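Below: one protein chain in two forms, given as structure tokens, structure 1 then structure 2.
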Structure 1
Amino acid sequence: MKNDNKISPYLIFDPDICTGCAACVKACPTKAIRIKNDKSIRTVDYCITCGECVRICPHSALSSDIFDMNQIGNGQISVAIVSPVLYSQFPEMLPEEILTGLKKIGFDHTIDLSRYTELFQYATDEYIKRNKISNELPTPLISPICPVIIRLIMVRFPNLLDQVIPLKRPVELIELEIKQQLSDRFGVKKDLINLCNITPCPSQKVSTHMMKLSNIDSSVGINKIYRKLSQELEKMEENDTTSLHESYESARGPMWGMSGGEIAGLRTENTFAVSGLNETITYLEKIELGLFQDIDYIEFRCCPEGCIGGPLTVTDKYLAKNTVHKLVERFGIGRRLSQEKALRIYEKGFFFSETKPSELTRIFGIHKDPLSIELLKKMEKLLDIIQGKDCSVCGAPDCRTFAEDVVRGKASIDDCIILKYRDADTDEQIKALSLKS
């Protein structure tokens, strides 16, 4: 598929297989997608890269524009940063074998993200403890881990940005030190080292390349490497542990990929986890109303069942969950890292993001001009005239969104099938509103 079919920083649309069903339009949580009768799709407003449109499309007309294996290498040292979710995709294989398999498909080195998820949990515990004393941020504190959730809050719940803890995500912790470590260890220049994030989430690419908050060089979806990696794993006769983090002694990392896995690794008990976009929106609305102030911390994940249900995974999320449980049974979830060491680097500011979550809206321009009272009145009158059933024939997800598009000058009243064939009385009502026709 060619990139001239890109409709957002990470979405590619194939019009040849689109049926115009508008499932993607209705699924978008920020109502950012519009579809026309010629089956052309465009994005308006704010795509938060949640992947719901990719997940819901029955014909796979939408796909994620994320890097593939052909872009790995190019004369550089390729380093795979491995999301522990990858281990849940192979029920018969151990994590160390999977890391070795990645080297066989072209990566020079592999780095398990699990160590950094554990560091993040130490830092989160410490931040929560200190916040109880300082009351710097209102509760409940919100996890910064899921990029989609942060963008969702930016767009729909900006008042809650101050409740997102300002800690770097595990993948950001890696980039701070790993290139220097590899450069020192192997005697190569840092600009010859390519860090590739193997991820279940299309949002990771946008975090890296659109927002430019990360120094990760590229991203590869688990679905892009799954078949090739499976073939290499089938050939392996014995475990050859060759990753940079060779010892695998705890399933704390794989558990991280499940909903509740982040808070399960915390010592703070007054927490809970929410997964799935609709559930997340419901709970963010409740927080905005002032509920759950007695809760210390909430883990939110955009995908159902957590990251193991990400759009770029392959294995059924419930089978993946079962695989994680087996890893937990085998390895346990003991801590491998020293709390004292984590606290020392915490004091040095290692975990803290230079950009506070509350500054993201200003930096990235997430802003939508409010409608004037006059335009709101026109919008309500137009809705009274339509009296529609949210059919999406106009290309908008519902009649209210269509009416807003019209009064903002982004759509024509003739896009609505009801208004297009209006009678004389309705035409007079429309003219009285002085709307675009």
Structure 2
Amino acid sequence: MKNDNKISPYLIFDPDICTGCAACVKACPTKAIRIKNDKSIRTVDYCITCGECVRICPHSALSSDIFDMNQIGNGQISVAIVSPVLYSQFPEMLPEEILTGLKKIGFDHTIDLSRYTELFQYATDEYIKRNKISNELPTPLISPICPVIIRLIMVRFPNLLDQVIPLKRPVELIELEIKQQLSDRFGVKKDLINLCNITPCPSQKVSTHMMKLSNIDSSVGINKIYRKLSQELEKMEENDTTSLHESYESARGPMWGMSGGEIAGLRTENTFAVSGLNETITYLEKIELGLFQDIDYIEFRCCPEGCIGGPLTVTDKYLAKNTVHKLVERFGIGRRLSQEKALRIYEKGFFFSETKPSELTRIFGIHKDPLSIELLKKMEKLLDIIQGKDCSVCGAPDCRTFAEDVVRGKASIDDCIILKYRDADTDEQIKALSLKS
């Protein structure tokens, strides 16, 4: 892979394999990709690490730069922070058994993220309740959980950042104290403790302020530990560990990984959940249009069916869903933590993210100058002249994006196959637009 190019913090592109088919150009939800000179891709906008282009490329010229399991077992105390999605990957096993399995493959300790998702839900309910009185943020409020969605909003719907609730995500709630506690418990220095996030989600790696994995040292995809773990679990099954079965109290955690699992655990009733990138975009368009102002809160997940459909999972998402349903059936979704305690730390500001979502575009320097009415008018004229069919020969995803590139001086009209072979009449019309090139 000598020619590998990193074209975003997340994307690796191999121009030797690329045929210039433009499938990725069309797939990109933020219209960030252009093809220039037949087959050299470049990203002109912000990659939100959704992975759509990686999924769609028929030749695998694009891949994502995902992390490896690197830090386990090198003399440190390694602690697995376990995404509840892991529980949906093994239909025959119970959460407690899976945690035991993790210890068998080399982790010294495990922390179930479910505790923090439950805390997050208490905080969300409280935030929604207070916002109803203060009317500080416009409704519907939007879930801050999925990093890809937040980046999508930053780039394509910055108007809606105001509606994202400014609470820390569960992985961010894991506090520094935890390392202290663990260091006391294991009798080692704090910096010898390695917190490792076991996750279905590649987008966690690229940190953006609000989403930095604050106190977590490393991350590993579920797919990277799956084989080792399932071998251990098979052995355990033979030895029968039924005693564990009784200690499990609630399937609220596993529920979280599924689309609708976040809101199912809220007391707020006027909510709904959307999953999948295209559906998400449709609903964000509607929210920006002013619809759903009477809804309190909307859960969005970019992966189909929620995080159980995350790119680093192994089990089919529909089978995983069934596993979760069975756990819910068996254990219910009762709460394990006290609301009173959650509210006490809420009051102290524990849950609030350091960066307000509405400040994200400024921090990341994502800003597109608005067009003047004059330029918009030229753009619409140009579109009338092209009467195109979004063929992408120009290298842009559609005619509208191309026309905008042209009026912004970022593309030449001759890139368009229709405009290139124009007659004298059309030429006159284009000259009249006096475009800068």
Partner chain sequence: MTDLKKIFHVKGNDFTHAGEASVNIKNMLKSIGLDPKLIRRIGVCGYEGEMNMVMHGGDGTLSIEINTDKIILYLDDNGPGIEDLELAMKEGYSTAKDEYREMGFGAGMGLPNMKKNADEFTISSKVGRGTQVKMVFSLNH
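Remember, predicted model here, so these are calculated numbers, not experimental data. Numbers given to residues start at 1 and step along the sequence of structure 1. The term rigid core refers to the maximal set of C-alpha atoms that superpose within 1.5 Å between the two forms.
Of the two copies shown, the second one, structure 2, is the form predicted in complex with its partner chain. Core-superposed comparison between structures 1 and 2: the C-alpha position of residue 188 differs by no less than 2 Å.
Once the two forms are overlaid on the core, residue 404 shows a Cα shift of 6.2 Å between structures 1 and 2. Note on residue 430: its Cα is shifted 10.7 Å between structures 1 and 2, core used for superposition.
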